[in-house]
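Just one chain is shown here, as structure tokens, and it is the form predicted on its own.
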Amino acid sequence: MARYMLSVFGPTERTDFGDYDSKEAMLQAFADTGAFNEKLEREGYFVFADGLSAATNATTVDGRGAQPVFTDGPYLETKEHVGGFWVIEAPDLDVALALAAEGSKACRGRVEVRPFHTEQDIQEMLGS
């Protein structure tokens, strides 16, 4: 099975209830997301999932030079950032997309589906 990352995007600026309009809406989204996580586990797709704190809490590290450079804030300055993610294993992209649609509905966020490199991808990049 292939491995996919399902990234949930939301606004950089959050309310007191994260990306939700009210405490009740937030709690319902958490419950629905928990139920979706249980489905992923029950059906054998789940690898790992978690939510991230606000992007403003990030530190960007550039270790390419002689001394690392640490910069407060996210790598990109955008209006939206990744707020959470799932790593799943699915037999193909169609299944991953269908699961992403369910996850999007559960958490009330837009979800980007991105496959991980496979060993075959790496071999092709290396020309072997």
Partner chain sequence: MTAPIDEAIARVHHDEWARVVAGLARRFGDLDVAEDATAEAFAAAVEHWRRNGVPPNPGGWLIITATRRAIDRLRRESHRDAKYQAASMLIDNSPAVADGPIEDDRLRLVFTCCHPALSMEARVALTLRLVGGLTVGEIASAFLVPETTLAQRITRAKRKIKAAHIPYLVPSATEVQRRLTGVLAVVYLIFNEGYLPSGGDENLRTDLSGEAIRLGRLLRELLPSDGEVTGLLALMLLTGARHAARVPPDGELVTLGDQDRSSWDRDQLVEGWALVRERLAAVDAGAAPPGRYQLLAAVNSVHTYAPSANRTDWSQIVTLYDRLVEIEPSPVVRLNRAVALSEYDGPAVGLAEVDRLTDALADYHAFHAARAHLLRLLGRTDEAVAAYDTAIRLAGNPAEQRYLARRRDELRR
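Numbering follows the first chain given and starts at 1. Note that this is a predicted model, so its numbers are computed, not measured.
Below, we turn to the form predicted together with the partner chain, even though it does not appear here.
Visitor: Work out which of the listed stretches, 5-13, 102-110, 115-123, 18-26, brings a heavy atom within 4.5 angstroms of the partner chain in the predicted bound form.
Guide: Checking each option against the 4.5 Å cut-off leaves 115-123.
Visitor: Does L97 reach the partner chain in the predicted bound form, with heavy atoms at most 4.5 Å apart?
Guide: Residue-level check for L97: yes, a contact with the partner chain.
Visitor: Check whether D92 has any heavy atom within 4.5 Å of a heavy atom of the partner chain in the predicted bound form, and answer yes or no.
Guide: The answer is yes: D92 has a heavy atom within 4.5 Å of the partner chain.
Visitor: In the predicted bound form, which residues of 42-78 put a heavy atom within 4.5 Å of the partner chain?
Guide: Result: empty, none.
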